[in-house]
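There is one chain below, alone, in structure tokens, taken in the form predicted on its own.
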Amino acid sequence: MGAGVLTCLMVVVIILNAIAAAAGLALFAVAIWVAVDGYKLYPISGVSGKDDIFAAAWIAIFTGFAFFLTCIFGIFAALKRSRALLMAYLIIMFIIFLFECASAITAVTNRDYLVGNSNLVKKQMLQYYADNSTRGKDITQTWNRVMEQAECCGTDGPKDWLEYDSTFRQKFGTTFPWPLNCCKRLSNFEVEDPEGCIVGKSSAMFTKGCFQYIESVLSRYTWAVSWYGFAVLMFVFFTLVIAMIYYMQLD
């Protein structure tokens, strides 16, 4: 291969690695966003033992930053036109590639299990809400926040608290058919119409379920870790192919 063509190939490798480095930093950032859990929904997935979305985020934090550093090394190797350095770059990138594959697959499969239907979320809500255990306190706090912020009640709706046995029902009986967090609030956060809420007036309480909100949040987390991760993997794969071609053309 002529020197001019080889130089062009080197430039392409450098450009692709620069873009891949930026994509790696972006993956690093979005994975941190998921791991921090700004919506505070970890207890809902954690109590069921299906918190792999967050485990995948921690892996993506590592792989995102590793992609960035390794791509910088790849740019240096391409400029040096060193077969030994390029081989080391290709091996390291392949290892990181495998880790990121595991992260993306783990996130998407866990999301499908957790929000494939509302039954799992509903079961742990009924079991742990109002329970005095550590898990119960975490779940209660999480659900109270979700019901207030999303203006919803229960998983599929207020009837969840009536149709199924629950820790909340065992504790409060018929005094409160559903938590007061299902009731609409005034601007000072006081319950707008306590009596109307208790008897089920639609004007005094939230009538929609919270499952759609929970599903949308976990889907955002999954998109950040999994689908964006897959996009980065496809670009990195293309970059590796071009880098291999460049490696084979070096003397």
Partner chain sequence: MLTVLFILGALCSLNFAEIPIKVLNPETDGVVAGRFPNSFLLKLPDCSTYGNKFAELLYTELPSKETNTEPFTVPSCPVSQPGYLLTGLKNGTTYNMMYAIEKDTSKVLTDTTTTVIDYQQINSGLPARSGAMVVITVILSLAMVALVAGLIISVFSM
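These numbers were taken from a predicted model, which means no experiment stands behind them. Residue numbers count along the first chain shown, from 1.
One more form of this protein should be noted, the form predicted in complex with the partner chain, which is absent from this view; the next part is about it.
- Contact with the partner chain in the predicted complex, defined as a heavy atom within 4.5 Å, holds for exactly one of Val146, Leu85, Ile75, Leu120, namely Leu120.
- Just one of Val199, Leu69, Ala55, Ile32 comes within 4.5 Å of the partner chain in the predicted complex, counting any heavy atom, and that one is Val199.
- Annotated contacts: Cys101, Thr109 and Ser226 all touch the partner chain in the predicted complex [non-hydrogen atom within 4.5 angstroms].
- Among residues of the shown chain, Ser216 is not one whose heavy atoms approach the partner chain to within 4.5 Å in the predicted complex.
- Taking the partner from the other structure, the partner chain in the predicted complex has a heavy atom within 4.5 Å of a heavy atom of Leu240.
- In the predicted complex, the partner chain stays beyond 4.5 Å of every heavy atom belonging to Ala150.
- Under a 4.5 angstroms non-hydrogen atom cutoff, the partner chain in the predicted complex lacks Lys171 among its neighbouring residues.
- Residues from 210 to 248 that approach the partner chain in the predicted complex with a non-hydrogen atom closer than or equal to 4.5 Å are Trp223, Ser226, Trp227, Phe230, Leu233, Met234, Phe237, Leu240, Met244, Tyr247, Met248, in the order they occur in the chain.
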